[in-house]
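Have a look below at one chain only, the form predicted on its own, in structure tokens format.
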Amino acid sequence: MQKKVRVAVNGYGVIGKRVADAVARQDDMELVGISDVVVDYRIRVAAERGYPIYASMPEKMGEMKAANLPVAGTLEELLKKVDIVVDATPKGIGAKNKPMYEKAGVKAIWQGGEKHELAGLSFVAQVNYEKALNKQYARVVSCNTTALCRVMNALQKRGLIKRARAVLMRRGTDPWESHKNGMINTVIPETKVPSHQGPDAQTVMEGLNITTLAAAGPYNLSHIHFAIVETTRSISTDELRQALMEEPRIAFVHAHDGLVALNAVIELMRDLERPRHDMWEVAVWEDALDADETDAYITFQVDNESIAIPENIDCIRALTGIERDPIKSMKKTDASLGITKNFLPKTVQMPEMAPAMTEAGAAYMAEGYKGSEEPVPAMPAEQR
């Protein structure tokens, strides 16, 4: 039997807590512990789940123990017990943690808030999994960049992108802290062109010609992207649909089903009893797809809190080398989380697939990835 990869998660916030839960669902990984410095309800949830808790900073251990948290030790002690650490600390903190990881000799994964140069490899599973195999470090890119790479990869690998342009409407703040800095009755444009997501996507996808614009609006239920792709040749809407259907972790939604806005799609995730109403897939409005002689038009929703979670799991497998095949890793991750191509498989029919499929598309769309009717797998009893 293959030995499980021993994983630490440093930072138990929006991303860290989701990564910890996802690691706990994998049969080839062991969540050895999580670390943080807070003493509020967030870290107390980790105790309720039975996750071993460590202090990210030694000087915080006394405060954490005084708050009745079962602290098992320091982050440095935790690193001695693991093969890899997923750093989900706030932007800028992860870079400061790198010397500690180097000293411990552990592999490390950072999040999109850190710069590409920190790890030297920016990761999206379906684009460059092989490049991450057995590497020491990697950076899982941000939510928006992950979504852009998934959608653009569907077209670029077919040689269809001449130039891409995307407008990103970002949520104003994360739901858990909307009481701190939520905006009201306004939209704030980013004045830098391109916005950082385009150049960030280029660190993952070589040769991608893309320009992005961005703004933030007064809502906190995910992001929405509007992409216009100038194609290298004329394509039909059916060909565009086929390309997106074949791409992993993209699912269609339909306005005629009442899914007319960001909040409706998030409500669907609630009704499906997704953990924390997470949507790990990119939700593409099929009714809004279009293509003409020169361009393809795509509108899609990005759940900023959860979309990069499966990428972290696949990145663990790639860096540690426990699975060399990206399709096998993605399928394993997707099955453990409940990721699907069809959110409503009992009543919503998937579009008919064209006979000709790419090899990777055929592998991903093999039996079991046409939309599962099974609920999201339950968390193991010992982790509840």
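Note that residue numbering begins at 1 and tracks the sequence as displayed. Keep in mind it's a predicted model, so treat the numbers as computed, not measured.
There is also a form predicted in complex with a small molecule; it is not shown, and the following applies to it.
Proximity of N209 to the small molecule in the model of the complex falls outside the 4.5 Å heavy atom cutoff.
Contact annotation for C149: none of its heavy atoms lies within 4.5 Å of the small molecule in the model of the complex.
In the model of the complex, D174 approaches the small molecule with a heavy atom inside 4.5 Å. Proximity of A88 to the small molecule in the model of the complex falls within the 4.5 Å heavy atom cutoff. Considering the small molecule in the model of the complex, the lone stretch of 303-311, 158-166, 125-133, 247-255 in range is 303-311 [heavy atom distance within 4.5 Å].
Exactly one listed residue, out of N153, Q242, T231, Q111, brings a non-hydrogen atom to within 4.5 Å of the small molecule in the model of the complex: Q111. Think of it this way: in the model of the complex, the small molecule has a heavy atom of just one of I266, V204, A227, C143 within 4.5 Å, and the residue is C143.
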